[in-house]
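Take a look at this one chain, the form predicted on its own, written out in structure tokens.
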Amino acid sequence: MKKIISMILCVAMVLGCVSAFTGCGDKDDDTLVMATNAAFPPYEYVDGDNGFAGIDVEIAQAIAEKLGKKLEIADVEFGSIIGGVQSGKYDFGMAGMTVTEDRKKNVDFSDTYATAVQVVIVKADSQYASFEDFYTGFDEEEKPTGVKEGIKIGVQQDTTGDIYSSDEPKNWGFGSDNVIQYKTGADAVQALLTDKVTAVIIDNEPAKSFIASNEGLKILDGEYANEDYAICVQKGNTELLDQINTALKELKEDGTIDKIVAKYIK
């Protein structure tokens, strides 16, 4: 009986490695596995029957080619990317990801490959002209003192838009009680269209994509936050990080990244 149980356990372990192909130490050395959340146009999205597309997808493909590797993309929830990279399940994460001090505790980041701006989307007939209108007033240091009653902010869970807006008003947040988290930016925008939230905070380029595909929305004047995008790798994996940084440097110098960005952002 013990031998049978032992055999069953061995088979279970083998099957576990097959189902989690990137987490059992037997990765294909010729393949780089990129974790992303393909619901963030124009950086990453699913292009019908053509598969994955977007700025991050094409830059990642160019990096893989520089390293003589095949690129494999794992489309996962944004909030699981860092954990998957941290555990070694994925080689790197690339999903319009901003470098923050909290994230740097768990993963290492490459050099910046793009800059982004957080903006606020509202309905076209909104009474608000700026996100500053969401606050009740400001102190002598011109910091917000409170949030107006009824203000609800929609965000994609675990993004910097979520982090910033969930902070206290004195830090230009709206308080976690006034923030509603959604799995994707598209879900947050849908909530705005159905009046479940007052506004959506998200990166500028995805915001423009959502505006273009949904009537009756607009972007408020002013930038909510500025940030840099980078690629995350497992903490301490200096070999891969150096390879990615070298590839990024070459792709910047030969104009490849500019061409990719120009293809998606006019």
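Numbering starts at 1 and runs along the sequence shown. Since the model is a prediction, treat every value here as computed from it, not as a measurement.
What follows is about the form predicted in complex with a small molecule, which we do not show.
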* Do residue 205 and the small molecule share at least one heavy atom pair within 4.5 Å in the predicted complex? -> no
* Counting only non-hydrogen atoms and a 4.5 angstroms cut-off, does residue 156 reach the small molecule in the predicted complex? -> yes
* Answer for residue 95 alone: is it within 4.5 Å of the small molecule in the predicted complex, judged on heavy atom distances? => yes
* **4.5 angstroms heavy atom contact with the small molecule in the predicted complex for residue 78** => yes
* Asked: the small molecule isn't shown here, but in the predicted complex which of 152, 123, 148, 103 has a heavy atom within 4.5 Å of it?
  -> 103
* Only one of 66-74, 226-234, 212-220, 46-54 gets a heavy atom within 4.5 Å of the small molecule in the predicted complex; which is it? -> 226-234
